[in-house]
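Only one chain is shown below, in structure tokens, and it's the form predicted on its own.
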């Protein structure tokens, strides 16, 4: 190698035989040597995507730990008052399927036709949009479709959630996860055990099961909802022990005019006042302490 400060001096590079020549043709060259081209997928691009995916996954796990998913009651197909709601990321599709031209007689169009076109267009997007321009304002068609899709999803989600809240308010219902939280808090404040909804609550037995009022209850089809032994089924509460909750007058009022927007029907047109009084008197005797 040359020495000194003479720029005209010949420079000789001496190789080192201990450094072996690379024999790895699979390692791509530096992508900066190819202007306008992207980097190598393996390992450059894949490593960066993997790192970003790890960060997103950790953030999502932290979110689920901080805000766990709400827990409702066990599934009950006999609960006619239950208002079904999907998870928030499906609310737009849930609302979309409520419209007349994608439901009922057009259910195939709403469940297969429209989603098939949307997902098919998403799959074909790389083949249809082959332009090199990456600035969104210079890609009017793709950008317009993207903004239209986002606006539609946000609008349908908001409408679906608003309709759900109005339905709960109209029915006088409290969402299951909120009701469970309130009951758990009340139990903790009273020093009691947290309610366990996986085990059926013990119910009292019938008092004076041979009373003629039982025949009136069968005539009024009470057993179709409250079960043959009147111990309730599903979300329908038991009538055994109802005397601990309601007085005779309150029971008569419920039998006469119904309750919960028709969930408990009115019997003022199907039972006489004497039968209602006899039935209310018998039900008022249904107390746990009377066993």
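Numbering follows the first chain given and starts at 1. All values reported here derive from a predicted model rather than from experimental measurement.
The protein also exists as the form predicted together with a small molecule; that form is not presented, and the subsequent description refers to it.
Highlighted residues 109, 115 and 118: none comes within 4.5 Å of the small molecule in the model of the complex, counting any heavy atom. In the model of the complex, the small molecule sits within 4.5 Å of a heavy atom belonging to residue 226. With a 4.5 Å cutoff on heavy atoms, residue 48 does not count as touching the small molecule in the model of the complex; it lies far away.
Contact annotation for residue 220: at least one heavy atom lies within 4.5 Å of the small molecule in the model of the complex. Proximity of residue 263 to the small molecule in the model of the complex: non-hydrogen atoms within 4.5 Å are present.
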